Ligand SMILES: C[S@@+](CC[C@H](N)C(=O)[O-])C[C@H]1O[C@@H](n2cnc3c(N)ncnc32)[C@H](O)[C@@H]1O
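Have a look below at one chain only, the form predicted alone, in structure tokens format.
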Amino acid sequence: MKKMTLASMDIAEHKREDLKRIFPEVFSEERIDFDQLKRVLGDWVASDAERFGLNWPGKAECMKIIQKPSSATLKPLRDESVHFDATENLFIEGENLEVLKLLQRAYFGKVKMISIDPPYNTGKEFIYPDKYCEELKTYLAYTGQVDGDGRKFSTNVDTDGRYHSRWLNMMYPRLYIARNLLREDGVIFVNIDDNEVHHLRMVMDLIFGEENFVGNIAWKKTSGDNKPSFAFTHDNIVIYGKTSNQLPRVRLTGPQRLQYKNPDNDPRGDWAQTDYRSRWTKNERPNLYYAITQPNTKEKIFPDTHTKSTRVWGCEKNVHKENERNGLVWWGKDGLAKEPKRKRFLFDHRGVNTRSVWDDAGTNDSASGELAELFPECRSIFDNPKPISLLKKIISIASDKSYIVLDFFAGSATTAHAVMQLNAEDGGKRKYICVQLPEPTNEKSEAHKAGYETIADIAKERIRRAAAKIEDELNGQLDLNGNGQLDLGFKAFKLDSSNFRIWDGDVEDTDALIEQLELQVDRIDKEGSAEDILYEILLNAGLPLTAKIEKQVVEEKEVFSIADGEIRVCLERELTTELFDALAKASPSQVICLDEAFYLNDELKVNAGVIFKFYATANETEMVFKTI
């Protein structure tokens, strides 16, 4: 039932509805394109800027957002992690645009596969910032980490005049920056429904190039739909490559693998029978129409001797002779078959092409069952999860088994679960990076009542429980500490403000300027731990967050040795010439210290520079000495 309004009729709105009914093509996001209206009425209006492509309000602003560097950092959450010092998996809690920017130096061109399940823009499930991007200040206010009136998040309802534009303004910068992280042979999979798939295709054409469009998979997500007019039983999975529109062939599935046997104990291993004919006809390929001699009955067999087939053999006569010499022609177990078969060996199999319809990759219902098994205390802990089998199928498309999978709309962390499960099944060493906004759970939801305050909390707990389940199923057969075959741990981080006070050049009044100057005297945030500062330095130095770190004591000072000693970091506030002499002797590529350690001691900084220059020249190496 609709409520009656007490206001008088909106005449202008009534006229617009009449116009929309007659000329729907002149409306774009509820706004009237008056030039298009004139064209429809026969009054042609030319446009100098008219060209094919996708345009929307805010598109130009997106480039400013992309180019604006982040002043945030990622702080380690050791207590929320599993096997923190050994694992190579990452879970990052934070706003994904800022996080993607922070990952640029360390992971540029290193990610093989991106698989994301972004908001579908249905008007109810998605949290949007008021502006085109969500900056750190607003994110911290949103998550309660700072006081103040930050911009609020809200759903993007379809009554908003810029309904599609807001979604595009959210997606464009994230996809653009994410592309930088892909390897040259990298590929991205994006789940989406029919509501925005056409816009997604166009915006990805802009970013990846339409020539790198790979395909659009229709995934059967459910067997039914409660809408009265049309049953929407599928979602789309849009695929683009970074530099190619080719996917590697998929490895054989279980049923396909069962076709390969070895009934004749061939030393080359398992093989499958395949048709000896080709798809051509005698008229098209007369050279493939010839007689083959059955070796035991001596019968002369043409392609159509025992069938009404119009097809011809699959190879020329000389190649057939070569196949016979190599034992590739199969005449049945008793050797009396009327027609030959070709032996195709398993070791020769290059996989199968990815199909455009997937009805064997689980459903939303099966995914809910998987979560219910992990979280028996909640009937429904997360809405519309993706099944593990779907993500496993996506991840297994890549031909190698050791690469990074990125999911920056992690949700309940199905991607992380699938990576661990697939590694357990095939001995792979894939790693994942998952990013999830700490979106609050509904206070009335089962998840909230069970103590999960945010979606990120659900995701982290799922990874822990999934890892424990996999470990239990393996019955302790594999090393779980990162030194063996299987990595079931993860390093947890959270997006936060920098441990260093950043100069704000936008201040205008005198008091604010004085405050900025005072902050630069002591630039380090007192609440930041040594580990917090260390990981911020890692990111700025372009090192992965999983780089191995070793604590050492050098000349009575604590020093962090990173990447087998290639980089040495000292966060002590009091430094000595003896320390620099010892560090320089080890010939690291970089030495990084705090700038405040040289406060009122320019002589020490000059001496440090001289020491490093001396040893670099003597050892014919390059050493860089940095302060932060």
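A quick note: this is a predicted structure, and the numbers were derived from the prediction, not measured. Position 1 is the first residue in the sequence shown; the rest follow in order.
The protein also exists as the form predicted together with this ligand; that form is not presented, and the subsequent description refers to it.
- Taking the partner from the other structure, this ligand in the predicted bound form has a heavy atom within 4.5 Å of a heavy atom of R174.
- Taking the partner from the other structure, this ligand in the predicted bound form has no heavy atom within 4.5 Å of any heavy atom of K491.
- Mapping the unseen interface onto this chain, N89 falls outside it, with no heavy atom inside 4.5 Å of this ligand in the predicted bound form.
- Put simply, K386 is close to this ligand in the predicted bound form: some heavy atom of it is within 4.5 Å.
- N96 is the sole member of N423, N96, N121, T73 with a non-hydrogen atom within 4.5 Å of this ligand in the predicted bound form.
- Among I394, L437, L182, L406, the residue placing a heavy atom within 4.5 Å of this ligand in the predicted bound form is L437.
- Contact here is defined as any heavy atom lying within 4.5 Å of this ligand in the predicted bound form, and by that definition each of D117, F382 and T414 is a contact residue.
- The partner is not drawn, yet in the predicted bound form one stretch among 544 to 552, 437 to 445, 313 to 321, 531 to 539 has residues with heavy atoms inside 4.5 Å of this ligand: 437 to 445.
- Contact residues in stretch 452 to 473 (any heavy atom within 4.5 Å of this ligand, taken in the predicted bound form) are limited to I455.
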